[in-house]
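Only one chain is given next, in structure tokens, and it is the form predicted on its own.
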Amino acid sequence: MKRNLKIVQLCVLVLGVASLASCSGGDREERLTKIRGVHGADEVGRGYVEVIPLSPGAQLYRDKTCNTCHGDDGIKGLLPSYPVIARQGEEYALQQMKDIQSGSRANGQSAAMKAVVQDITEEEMIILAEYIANELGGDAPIGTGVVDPESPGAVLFRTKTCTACHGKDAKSPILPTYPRIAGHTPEYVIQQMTDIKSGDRANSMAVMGMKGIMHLVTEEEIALLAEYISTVPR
């Protein structure tokens, strides 16, 4: 009899705790207080794990499998040739998703992403772009942070006029449709600069404008620039 009573009490406790996940903040605290009063604080502490709902952007990021390639934090991608998208500019992120969906950007790994974004609506892209810019990655460090302002790459970043569009810190572009390039992996930067130079990437007027600059940058200089950019924090 006592054993059956224990089972009933445990079932009531589990049902009460499970209902907390759907409560608002005030309701949750009120129900939690009642459960503690009946079963004791220790029982609740052992059995209660509060479920914190994801933001719409975070939910979409997982539902659309963005984390599969870009990582849960948007920083550590599946391959080093994938971009670091955490804290990327909102308008830039939105435009790239649109360009990949339309096929106007198809260089590098973008071709693989086309199938993923094919069924994403513009409204969902807006939500994702806002999440990428403002939430993804939190305060986690992006870029190695070991910046040498007099390294060959840093000097090239100034003399090749990269600062004119991307900012002195590589994360303050002059237009919101330009990327924050600080902290990208060397592999990704090399591929993008090479593709812009060759014309394989030509999905905007800004990219077309950069093509003229890239003709003045050698393959060796591209590697030095990429190494420097990867050290700059975003």
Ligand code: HEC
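Note that the structure is predicted; figures quoted are calculated from it, not measured. In this text, residue numbers run from 1 along the sequence as written.
Unshown form predicted together with heme C; subsequent notes refer to it.
V146 falls outside the set of residues with a heavy atom inside 4.5 Å of heme C in the model of the complex. Residue contact check for T161: one or more of its heavy atoms lie within 4.5 Å of heme C in the model of the complex. Though the partner is left out of this view, C69 does reach within 4.5 Å of heme C in the model of the complex, counting heavy atoms only. A residue is said to contact a partner when one of its heavy atoms sits within 4.5 Å of a partner heavy atom; A223 fails this definition for heme C in the model of the complex, lying far away. Note on contacts: among P53, G209, G199, P176, the single residue with a heavy atom within 4.5 Å of heme C in the model of the complex is G209. Shown here without heme C, the chain has V217, L225, I229 in 215 to 234 lying with a heavy atom within 4.5 Å of that partner in the model of the complex.
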